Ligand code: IMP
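For reference, the chain that follows is the form predicted alone, supplied as structure tokens.
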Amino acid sequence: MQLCFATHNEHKLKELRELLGATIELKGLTQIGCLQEIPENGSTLAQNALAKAAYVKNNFGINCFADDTGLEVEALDGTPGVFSARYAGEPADSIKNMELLLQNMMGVANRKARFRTVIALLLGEQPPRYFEGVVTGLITTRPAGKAGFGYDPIFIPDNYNITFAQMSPTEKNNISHRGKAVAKLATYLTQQTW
């Protein structure tokens, strides 16, 4: 069974190939000849994930899934949320995003936040299926750690005293929002009869 993961990120692609196993031939956007960035204009994570998956299915005729992730900060009414990647404006810049978030959180006692990933899957003629993963935690007052990407240096998951950026990739994947969503997707896909 061929399946496309709508990403140009080879690291994410490798990780998912390992999770999904040999029964699924997983291709990324580059492997199917989709070299452009797919627009994400939705107002929710689910809308963005579905838009990317639908773009691939409609233009390349291959079953596809896509994900979108947002950091939702309680004291900021859930922002940056769907705008996490471009919180500080265009072009997307992780350092500027973190700096702006920490600036907006200055003096705020409530540091609760959550990372949320939504995966949209388009398989054959079936209606879209969604898989969600959430991890809750706290926003730090300054960055710590060099691993990971995005907001990882300023997010400490519940029951830990280190940021995502201070964890090994394996440790982070075992508890992360994306890891949880992918595990649900993998379970669903392995139950399908191809």
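Numbers for residues come from their place in the sequence shown, where the first is 1. Please read these numbers as outputs of a predicted model, since none were measured by experiment.
The discussion below concerns the form predicted in complex with inosinic acid (IMP), not included here.
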Q: Could you tell me which one of P143, G28, P157, G150 places a heavy atom within 4.5 Å of inosinic acid (IMP) in the predicted complex?
A: G150
Q) Even though inosinic acid (IMP) is not shown here, does T69 get within 4.5 Å of it in the predicted complex, heavy atoms only? A) yes
Q) Wondering, does K12 line up within 4.5 Å of inosinic acid (IMP) in the predicted complex on heavy atoms? A) yes
Q. Is K172 close to inosinic acid (IMP) in the predicted complex, meaning a heavy atom pair under 4.5 Å apart or at it?
A. yes
Q) Does K180 make contact with inosinic acid (IMP) in the predicted complex, using a 4.5 Å heavy atom cut-off? A) no
